[in-house]
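As structure tokens, one chain now follows by itself in the form predicted on its own.
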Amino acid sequence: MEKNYDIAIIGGGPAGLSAAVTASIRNKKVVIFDANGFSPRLRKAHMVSNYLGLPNISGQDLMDKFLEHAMSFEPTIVKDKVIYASQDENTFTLGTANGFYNARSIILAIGASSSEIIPGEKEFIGRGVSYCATCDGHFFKGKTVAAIVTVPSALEEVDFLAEICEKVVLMPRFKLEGPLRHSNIEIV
């Protein structure tokens, strides 16, 4: 098997598969590295309502459609974790437990990680625990929600929740600077 590619994509979630489709359309030879089963987080989503053209679809079905579309372009799939990377003048070399691959470009599409800082958090993902207010906030419209935020940029998501929820209990993991925009946000 030839192990030289135009583009190596690390991550087989929605962003990685979208990059593979775009690169393939541009006649690039693509390899996708995904050791996690192509977005297990999206696959756990009970319902996705905000994806244009495919309303009210399960995360499992949506991810299967993404995968089917991307695979129609026949990229090489490596179901191993990348554990080594180096670069010379014109080439990146990526290593897995089972071999080395060369590419002229790399796209990192490794997704977001969840912190799982609360006992039971992992078990309730998709059943009350969410990591995306704009994706899942509508499930909590008119309700009281809690939001743990670890970076200031996440306050935009809190503002969104405050616009649609009765109350937001905010638990920042950093020092807040300045006033909040909504009166229905309680800081704990």
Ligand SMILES: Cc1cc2nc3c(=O)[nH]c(=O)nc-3n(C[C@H](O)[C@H](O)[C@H](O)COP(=O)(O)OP(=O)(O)OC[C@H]3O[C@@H](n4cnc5c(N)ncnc54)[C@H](O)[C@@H]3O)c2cc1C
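One-based numbering along the sequence shown. The structure presented is a predicted model; accordingly, all values stated were derived computationally and were not measured.
This next part talks about the form predicted together with the ligand, which is not shown.
Determine whether any heavy atom of G13 comes within 4.5 Å of a heavy atom of the ligand in the predicted complex, and answer yes or no.
G13: contacts the ligand in the predicted complex.
Does the ligand come within 4.5 Å of any heavy atom of F160 in the predicted complex?
So F160 does not count as contacting the ligand.
Is F38 close to the ligand in the predicted complex, meaning a heavy atom pair under 4.5 Å apart or at it?
F38: contacts the ligand in the predicted complex.
Looking in the predicted complex, any heavy atom of L67 within 4.5 Å of the ligand?
No, L67 sits far enough from the ligand in the predicted complex that none of its heavy atoms falls within 4.5 Å.
Tell me whether K29, I77 and F92, taken together, all sit within 4.5 Å of the ligand in the predicted complex, counting heavy atoms only.
Judged in the predicted complex, none of K29, I77 and F92 sits within 4.5 Å of the ligand.
Partner contacts in the predicted complex for 71-100 (non-hydrogen atom within 4.5 angstroms of the ligand)
Residues within 4.5 Å: D80, K81, V82.
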